[in-house]
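Take a look at this one chain, the form predicted on its own, written out in structure tokens.
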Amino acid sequence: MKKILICISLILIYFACAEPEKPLIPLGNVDYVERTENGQTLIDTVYHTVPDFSFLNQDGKTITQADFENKVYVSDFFFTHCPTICPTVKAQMLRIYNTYKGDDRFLMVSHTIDPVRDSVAVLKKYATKLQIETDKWYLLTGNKAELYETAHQHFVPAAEDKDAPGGFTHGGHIVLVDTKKRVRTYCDGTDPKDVDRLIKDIKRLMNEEFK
């Protein structure tokens, strides 16, 4: 009996001390918008959202946010001849892809930050090398200014830099976006342990979005 009580006590201590998972609160600026409904004044909380975009994927198809309707997705920014972090990040993106490629609620997208060299044909060759399905993972190219603005709206730094390896600087972030186009969290795509955490967060978010 004493041993049983000790075991129960240890279990209770474990759950009391275990840190609860923090909610994936949308990131970015928050606005509070006042509206009137049925004579009552209500305040809506409006979170930052990723603006609409239009780019070409590796098959030359125009991809817009309509293609992400009712989808959770992850996004990153790269260039195909990147000599530094991109291969590492892509290896981690492949881990995510292989984990969720069978889930129709989930998509992946990688935007080039060097559209001059990363044409549709170049991205197609890169996709073939990765052995990915076009309808599950979009590799996008298009207008440079719009691509950079999309990176910034995902809170990822990206810029041309003649002194940087490959001529560009950018973050190795992998960003998680919900069905309402809100950035919910991100990870360091060069850190496998942080990617492990993101893989779990993707499942958490889909459980929240698709109850």
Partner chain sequence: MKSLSKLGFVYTIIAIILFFLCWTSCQTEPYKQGRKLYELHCQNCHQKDGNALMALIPPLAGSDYLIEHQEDLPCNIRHGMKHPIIVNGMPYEGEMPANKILTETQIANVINYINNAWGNKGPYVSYEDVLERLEKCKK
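Numbering follows the first chain given and starts at 1. The shown structure was predicted, so the numbers you read here are calculated from the model rather than taken from an experiment.
Omitted here: the form predicted in complex with its partner chain. The next part is about that form.
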- Contact label in the model of the complex: Arg105 to its partner chain, heavy atom within 4.5 Å: no
- Heavy atom to heavy atom, is Thr88 within 4.5 Å of its partner chain in the model of the complex? yes
- its partner chain contact in the model of the complex: Lys125, any heavy atom under 4.5 Å: yes
- Query: So, in the model of the complex, is Thr134 in contact with its partner chain at a 4.5 angstroms heavy atom limit?
  - Reply: no
